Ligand code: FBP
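Next up is one chain by itself, shown in structure tokens, the form predicted on its own.
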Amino acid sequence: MTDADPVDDVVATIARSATEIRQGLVGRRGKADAENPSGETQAEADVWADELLADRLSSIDGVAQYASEERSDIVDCEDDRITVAVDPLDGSSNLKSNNTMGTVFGIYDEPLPAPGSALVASGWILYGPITTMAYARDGTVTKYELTGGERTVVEEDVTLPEDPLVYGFGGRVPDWPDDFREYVREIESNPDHKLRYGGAMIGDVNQVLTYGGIFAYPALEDSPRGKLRLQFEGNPIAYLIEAAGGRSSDGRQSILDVDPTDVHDRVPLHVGNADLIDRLEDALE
């Protein structure tokens, strides 16, 4: 690999690895005898995908750090140009039922933990009926189909449709704050809105990118900082949705403006069409 543009090298490596990760899920649907730093029981596939990506991405010229939600410590590399943060297998709880999963990545130009404003690119792989990638860089979003290690562009300059169609909200309803619950009732009361929630965040967010709408995993009564990880999920998703003309929010401000204190910080995540996020922030004030 060349060190001319390590960002391109990282994205190409993740895209080429997607087919192998998908195939490697076979026979790795059980639980590992371990927990990730957030206290969640890991699947065998979580650990395997993390080790594969850590080995490949940390060896790229120009990569200074590799971090993942599946490991406590950051992998420090020999170079000092960009850092890579990944959720190697988002939605691994869907392995048992054989439903959608994905890989999420963010590429920063600062050491981790870093704010979303330090992102230079982000994206996600969706292991659906077709393996696809959504990728944001320099304010534009591109969608690809991935097959045989190759990328094929299927849509350029992707933007959220103006008329929102889908919504999905995470967390147990009894744990939602009252103001968020009222906002959800308003969204659900619109007959033009359709529920889409599949238990793998990236699948639900990809629906929002495709059809317009809102996805949220809010602050909860027993988890006021939310569930999703800022470095590995919140920032990369917010960066892409904002590049596609949408908005992100932690309830008060753009996710990209949240100041991190730890690589495993959590954050309430709300992303989607700007009008829906504006209304949500008004409801949470």
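Since we're looking at a predicted model, the values are computed, not measured. Position 1 is the first residue in the sequence shown; the rest follow in order.
In what follows, reference is made to the form predicted together with the named molecule, a form of this protein that is not presented.
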### Message
If the cut-off is 4.5 angstroms on heavy atoms, which of these, Pro115, Pro177, Gly91, Gly212, is the one near the named molecule in the predicted complex?
### Response
Gly91
### Heavy atom within 4.5 Å of the named molecule in the predicted complex - the one residue of Leu228, Ala54, Val258, Ala243 that qualifies
Leu228
### Message
Considering non-hydrogen atoms and a 4.5 Å limit, does the named molecule approach Leu95 in the predicted complex?
### Response
no
### Task
Mark Tyr66 yes when one of its heavy atoms lies within 4.5 Å of a heavy atom of the named molecule in the predicted complex, and no otherwise.
no
### Interface membership of Tyr217, the named molecule in the predicted complex, 4.5 Å heavy atom rule
yes
### Contact of Ala85 with the named molecule in the predicted complex (heavy atom, 4.5 Å)
no
### Task
Can you check 228 to 236, 27 to 35, 54 to 62, 248 to 256 and let me know which stretch has heavy atoms within 4.5 Å of the named molecule in the predicted complex?
228 to 236
### Query
Since the partner is left out here, which residues of 197 to 216 would have a heavy atom within 4.5 Å of the named molecule in the predicted complex?
Tyr197, Gly199, Ala200, Met201, Phe215
